[in-house]
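The chain below stands alone and is given as structure tokens, in the form predicted alone.
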Amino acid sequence: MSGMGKNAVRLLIGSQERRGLLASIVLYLTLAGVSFVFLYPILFIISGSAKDIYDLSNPLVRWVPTKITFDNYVKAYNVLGGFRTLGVSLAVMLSTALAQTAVSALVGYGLAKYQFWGKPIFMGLLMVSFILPPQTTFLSKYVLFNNFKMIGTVYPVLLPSLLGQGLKSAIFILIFYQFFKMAPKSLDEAAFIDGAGHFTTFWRINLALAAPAIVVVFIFSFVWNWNDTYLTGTYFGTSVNTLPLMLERFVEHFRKMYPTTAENQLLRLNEGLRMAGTLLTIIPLVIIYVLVERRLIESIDRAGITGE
């Protein structure tokens, strides 16, 4: 084979040092296909939320509306409760995520750094609680919180997070356990020689090194608690309204706010209202992700986890 032929084969197939043209084409086509699968629902919702009832009922209008309208967002904003609901959602979820992160760090540090009687049993129970679906223990927890008159308050969500039993707390504890386990013991020994106590060593040395794990756990805790409507909907009832819960009850609240009349009869058929409400609900998560994207990716890579 001539030198030109070898160069052409190397260009198409590649070598150990460089990816070939065919491999690059396959890679980018695969990435484009996967991206389209994830982006298609978002693009569909954005397009539908900007349509009025006439564009939605017109089969000739697919993606681009004949007239872009923001009326759907205004009505959806009013139905969801506006800034009041957003404020309640952020207050509840941020406090829950902060409590879950702090307690998970303490428990993970204790398991990683100290030896005590029954530690293998405790680790086994922790793994069981990670595998066990939360729905299996829901009834007993509901009875417990109901006996203490906590149903309809934030305590059924906040208190378990403060006690290491919040939503997916087991995986957060294991993340910190893995991270603190990999931390060099020489730093702890040097701190003890300098006269630092156990809490000081945890707070000033180990916790500073665990910044990647803190970022990952806090973001995941916030997102998972935000998206959970099964447990929070039952515990909160109608006393505490968050954006996901209001979206789940969107039709009910819409009918109360916009009673059936000859003028707004068509509004009930407007799916663009629900799409606008969906976008308004996920916008806070998107903003948080944009703000911490670079730090989150670096933290996931350093913490050595993939999430779910």
Partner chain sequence: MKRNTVSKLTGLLFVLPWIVGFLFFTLYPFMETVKYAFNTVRFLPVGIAMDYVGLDNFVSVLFKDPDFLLQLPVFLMQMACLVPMVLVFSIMLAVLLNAKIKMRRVFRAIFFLPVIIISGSVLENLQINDAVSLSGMRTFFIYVFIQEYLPGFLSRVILYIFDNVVILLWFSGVQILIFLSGLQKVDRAIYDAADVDGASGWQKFWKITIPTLKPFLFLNAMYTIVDIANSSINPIIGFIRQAMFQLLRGFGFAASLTWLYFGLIVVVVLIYYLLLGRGEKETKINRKRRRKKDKVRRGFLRPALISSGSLAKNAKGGTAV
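Model, not experiment: these values are computed from the prediction. Numbering follows the first chain given and starts at 1.
Below, we turn to the form predicted together with the partner chain, even though it does not appear here.
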{"property": "Stretch in contact in the predicted bound form with the partner chain, which is absent here, among 159-167, 68-76, 88-96, 207-215 (heavy atoms within 4.5 Å)", "result": "159-167"}
{"property": "P134, L139 and E248 each touching the partner chain in the predicted bound form (heavy atom, 4.5 Å)", "result": "yes"}
{"property": "4.5 Å heavy atom contact, R274 and the partner chain in the predicted bound form", "result": "yes"}
{"property": "is_contact(N241, the partner chain) in the predicted bound form, heavy atom dist at most 4.5 Å", "result": "no"}
{"property": "4.5 Å heavy atom contact, F236 and the partner chain in the predicted bound form", "result": "no"}
{"property": "Contact flag, P41 vs the partner chain in the predicted bound form, heavy atom cut 4.5 Å", "result": "yes"}
{"property": "Neighbours of the partner chain in the predicted bound form among 26-46 [non-hydrogen atom within 4.5 angstroms]", "result": "L27, Y28, T30, L31, A32, V34, S35, V37, F38, L39, Y40, P41, I42, F44, I45"}
